[in-house]
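Below you will find one chain, with nothing else, as structure tokens; this is the form predicted alone, and questions on how it binds or moves follow later.
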Amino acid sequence: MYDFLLPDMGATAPILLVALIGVVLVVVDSFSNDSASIPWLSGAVLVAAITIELARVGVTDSAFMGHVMSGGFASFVNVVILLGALGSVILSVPYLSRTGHNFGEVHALILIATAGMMVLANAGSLITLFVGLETMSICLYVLTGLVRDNERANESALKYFLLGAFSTGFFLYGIALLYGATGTMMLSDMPAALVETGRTGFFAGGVALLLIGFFFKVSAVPFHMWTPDVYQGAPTTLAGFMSTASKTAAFAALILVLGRILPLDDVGLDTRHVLAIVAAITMVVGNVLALAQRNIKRMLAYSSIAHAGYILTGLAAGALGYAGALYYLLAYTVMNIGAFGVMSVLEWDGKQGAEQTIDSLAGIGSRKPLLGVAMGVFMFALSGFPPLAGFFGKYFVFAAAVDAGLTWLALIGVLASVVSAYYYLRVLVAFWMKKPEDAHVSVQSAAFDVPLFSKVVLVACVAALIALGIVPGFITEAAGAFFVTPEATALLP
């Protein structure tokens, strides 16, 4: 076993590197409290990890006796997670400095959470699924309650922790039933083991409980109730991190589970239609409730719920929709990092945007054209306007649903997207079509200086959405290469 230790460490180098530097930052912070070098170290290691993963996208492998995937699918997902983390780190430095909470441990927690997300997204066994899930979740609970003197932040963190612990219970019971039914923790070995044991009832029950845990992490209805409160109470840039990187990790892990051990129609659990029904309800509920929101962060939270439904539509289509779902996750990460980035700069209420309404920012587009134009691109992309990446993300998952015989689900998705245009465009109406004199008095007197690095991130997100929209096929073809055939259910050889 030890002969493979060094090669396995090399195969998982980005995960180990991010986790190691996360621990190093804790030590650095203990000797030099809130050192200015900490964000630079954090950003540097994320860039290094992205570079390594990009170099390995074309090579599929596994490490630690199959418990962790590397290269190929795993590298693609890791790049998306790391990009979300990098954007959040860059945007968080000026934001947290302005609010007086740029603590060194914040960046350490972001790195350790990112390492957990990568483990979750690269899991080859139930053990690594759980380790990655809990590492990610515990860090996010702490980050949510970062502003300890704010009651809403404390309430959000407590609610997130309690409901997260509840969902973890379902996840653990599901793992126990799956192991009891198959006698193995390895995802790839479960189908053959199930044939030998014949314990299909236990197996179906385990998968059902596992899906509940996943639905909570991706904010699918009816397990979405934590999302609006957590996003509203958490620091804005960290809410962007939670809405993108953690969602990408959870969906990637769900794809791994679906690809390795499902479908289970022959064991009493019609997963395809379960996913389709949950996707339909999630799209409808997320978009309808977003219509009633006056607070921007709550609106973006319900928007996040709706987008989870769109991605689940691709997963309900089976292997036909996996490549489209991966493209959607990349586009969604860019869109949401950008949207939360703009709101972090425009935050004026001193309460993490918890009391900041859409109308309070009337006329801000004419005062801050860069922020106004960028927000326009992000809102159009989220609503699915061509030729931006958001449009093609929805097209790929809806087309896969139609090809899989789920035309009704694609139709619901299209109608839900039409509804979403109202609340996204409402933001642009406030930004560009209302007079600056109609804005909140605090907004009228605020300078809203845009730091250089924040400008770089926002411009990069705008450029990426346009570029991904111009050449969408390049990404989907690369993502589709991870799957052996369109009908295949196994992700790796």
Partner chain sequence: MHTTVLLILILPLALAAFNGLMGLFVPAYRKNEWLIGGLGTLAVAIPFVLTVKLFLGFHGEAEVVHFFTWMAAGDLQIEFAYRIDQLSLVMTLVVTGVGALIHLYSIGYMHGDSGYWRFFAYLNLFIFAMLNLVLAENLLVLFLGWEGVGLCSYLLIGFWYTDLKNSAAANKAFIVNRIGDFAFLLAMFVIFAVVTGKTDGAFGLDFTTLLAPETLGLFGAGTLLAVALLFFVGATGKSAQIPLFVWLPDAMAGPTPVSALIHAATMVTSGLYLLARLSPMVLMAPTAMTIIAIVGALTAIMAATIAITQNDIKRVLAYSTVSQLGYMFLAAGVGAYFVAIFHVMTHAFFKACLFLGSGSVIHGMHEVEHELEHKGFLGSHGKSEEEDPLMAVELPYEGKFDAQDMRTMGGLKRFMPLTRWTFLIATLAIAGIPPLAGFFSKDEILFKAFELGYNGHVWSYFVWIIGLVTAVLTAIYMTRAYLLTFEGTPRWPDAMDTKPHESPWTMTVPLVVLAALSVVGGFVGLPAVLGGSEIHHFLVHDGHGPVAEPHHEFHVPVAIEWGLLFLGLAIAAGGVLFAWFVIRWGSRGPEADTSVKRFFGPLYGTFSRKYSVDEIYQKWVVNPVVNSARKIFAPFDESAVDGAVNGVAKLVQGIALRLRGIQTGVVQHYALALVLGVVVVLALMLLG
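On a predicted model such as this, the values are computed, not experimentally measured, just so you know. Residue numbers count along the first chain shown, from 1.
What comes next is about the form predicted in complex with the partner chain, which is not displayed.
Using a 4.5 angstroms heavy atom cutoff to the partner chain in the predicted bound form, all of Phe170, His273 and Tyr302 count as contacting.
The contact with the partner chain in the predicted bound form, taken as any heavy atom within 4.5 Å, belongs to Leu163 out of Leu411, Met186, Leu163, Ala421. The single contact residue among Phe380, Phe214, Phe223, Phe76, judged by any heavy atom lying within 4.5 Å of the partner chain in the predicted bound form, is Phe223. By the criterion of a heavy atom within 4.5 Å, Ala319 is excluded from the residues contacting the partner chain in the predicted bound form.
Contact annotation: Gly363 falls outside 4.5 Å of the partner chain in the predicted bound form, judged by heavy atom distances. Gly201 belongs to the set of residues with a heavy atom inside 4.5 Å of the partner chain in the predicted bound form. Using a 4.5 angstroms limit between non-hydrogen atoms, Gln293 touches the partner chain in the predicted bound form. The stretch that touches the partner chain in the predicted bound form, counting heavy atoms within 4.5 Å, is 283-291, out of 78-86, 244-252, 283-291, 320-328.
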